[in-house]
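Below you'll find only one chain, the form predicted alone, shown as structure tokens.
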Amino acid sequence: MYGCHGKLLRVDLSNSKVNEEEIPESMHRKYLGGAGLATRYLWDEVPKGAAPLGPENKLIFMAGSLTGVVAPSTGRFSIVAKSPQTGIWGQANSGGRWGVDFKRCGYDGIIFEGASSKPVYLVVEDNKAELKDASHLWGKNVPETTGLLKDELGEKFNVACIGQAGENLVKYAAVMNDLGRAAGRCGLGAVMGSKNLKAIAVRGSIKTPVSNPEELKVHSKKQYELMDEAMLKMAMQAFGTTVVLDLVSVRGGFPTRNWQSGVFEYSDDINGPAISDNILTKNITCFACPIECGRGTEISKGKYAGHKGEGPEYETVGTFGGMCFINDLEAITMAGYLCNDYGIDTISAGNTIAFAMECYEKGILTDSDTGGIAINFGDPDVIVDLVHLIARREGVGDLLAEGTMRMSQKLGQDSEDFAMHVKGLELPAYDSRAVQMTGLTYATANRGGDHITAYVQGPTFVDAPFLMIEDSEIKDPFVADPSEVKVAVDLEDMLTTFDCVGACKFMGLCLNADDWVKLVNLVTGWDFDTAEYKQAGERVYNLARAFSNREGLTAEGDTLPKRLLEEPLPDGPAEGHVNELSILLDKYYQLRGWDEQTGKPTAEKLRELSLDDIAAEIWS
């Protein structure tokens, strides 16, 4: 077997047992590793109706077929579980070096099952693993936990862990690795906390076997050279992911004041150049990455001066900045640092605070609810204070820790109309009224409101070479055109493959599909052609959808917040636009092969993807 070790760890937390088991090679090829393979285990082993924070749910860490191979940006890993935030399929993905260091221990994945009666952590090193007591780590934040474990085990150990947010079951708690890298979405840090699992410390020296190492070296060198010529690399190297802010603002799609507008007049105070000029100290890179989009920063002025860490990324300035109507870069950066330290998804946190601000503005959330805290738009200090309260579930933070969907259900008074989530997952900082196809992909993304499942952001985007779609383009982002829906479907399938093989999606935007397929074949020894490789992504996409269908998702869930469907943008280039979702959704279901009444993949589609057993269960 190449590209993998062919085995995983099964950790029974209820009985403090750790065992190894083999992974059939056919499973690797069919699901590509990573999120795909983890989703198959999730389907097979988590019973229908299992409580996301109960012992029947499983937390599955999985490296990809390319994770740890020296090729551009191949250091990522995925975590999959039933999400406590949405109640359906949950997946989070992270970079840094942890996934590589874990795979070099000689394993491809870990399945955590049951729940420990006391706090524990797992140590994995070169074909062996052991559970240890973590009582002394409970209550510690991410840097403290990481530092203590490095002191105990050795500086070369790499740590993935939760902070206090995961311990306190904040619905959008993240799993953090390499201090500043986050497997952020879907609340999988809360699943980890529910199992009393504090951390996984790894150190390994076992290289992944590669089928054709000499040709791989030549092919990878070519990919690095192509990347050196890519405008995306140059832009992101200079300004990180916040380079996106100006591109989104040009279309009037930067969510402002909890999505009441798409124009933020102070965007120049918080964009990429502002970060570079005021707080940037160094670029941070993930394993084998030629882009270096991470931002090492330090606050040098104001009340938060002296604090340093990683970020902010685009989503952090989008949610804590535009959505909360704040242009104080130091406060936004501090809120991001705290999210990293506590282990919180910044997208959900900033979005939830913005929702609370509008509720407070409208009198739905009162001083008696907030404990006297005035949660006003534009207050830079309140975002920092609220992150503390959310992580600790103190005061009004206990309500905000539940996320916008549950908050709106509790508060009522039509607050559901401007609770900006899909299926319970808060939306990232792209107003889809300015890009109609983004609205479709928000509504249909497997894990809920998500932008990276299919990143559609403008007329020329689909020129990205990896798609290899003939005669497909987004001609006008403001217009809902059913003939362009295939772009979204193809993006979903192709970008799914990156979460399976363990590669960075930014890289995927620069290299063509044939190059990626060749890379996978050189590592694994398989003989994929491009169509078969893409179909593997489609298989995983439909498997994840079927899991959510089994857990109660129907076609009614494929929708958007009322604000996006009924409230036109009031200003900017996208003025007057709403999401015309219904025009696109019928075509999407047709192309996907999903039943329009139930929202399930048809039995025919599932059998076409060699998922016969899935078809039998969801259509029984």
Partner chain sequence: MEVVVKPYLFLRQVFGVNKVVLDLPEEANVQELLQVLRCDYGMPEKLNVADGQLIFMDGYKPVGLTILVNGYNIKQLQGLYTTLNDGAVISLFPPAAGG
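Quantities reported herein were computed from a predicted structural model and do not represent experimental measurements. Numbering follows the first chain given and starts at 1.
Below: the form predicted together with its partner chain, not depicted.
Practice task
Only one of Y430, Y533, F418, F287 comes within 4.5 Å of its partner chain in the predicted bound form by heavy atoms, so just point that one out.
Solution key: The residue from Y430, Y533, F418, F287 that makes the contact is Y430.
Exercise for the section: Tell me, out of K518, K150, H307, R251, which residue has a non-hydrogen atom within 4.5 angstroms of its partner chain in the predicted bound form. Expected result: Result of the distance check: R251.
Handout entry: 4.5 angstroms heavy atom contact with its partner chain in the predicted bound form for P573
Key = The answer is yes: P573 has a heavy atom within 4.5 Å of its partner chain.
Exercise for the section: Verify the contact flag for L247: yes if a non-hydrogen atom of it lies within 4.5 Å of a non-hydrogen atom of its partner chain in the predicted bound form, no if not. Expected result: Yes, contact at 4.5 Å.
Practice task
Using the partner position in the predicted bound form, report whether V487 sits within 4.5 Å of its partner chain, counting heavy atoms only.
Solution key: Heavy-atom contact with its partner chain at 4.5 Å: absent for V487.
Practice task
Examine V218 and determine whether its closest non-hydrogen atom to its partner chain in the predicted bound form is within 4.5 angstroms.
Solution key: It does not: once its partner chain is placed as it appears in the predicted bound form, V218 has no heavy atom within 4.5 Å of it.
Problem - One stretch from 475-483, 491-499, 167-175, 150-158 that, in the predicted bound form, holds residues within 4.5 Å of its partner chain by heavy atom - result: Careful reading of the contacts points to 475-483.
Problem - Contacts with its partner chain in the predicted bound form - residues in 219-239 whose heavy atoms fall within 4.5 Å - result: D228, E229, A230, M231, L232, M234, A235, M236, F239, in sequence order.
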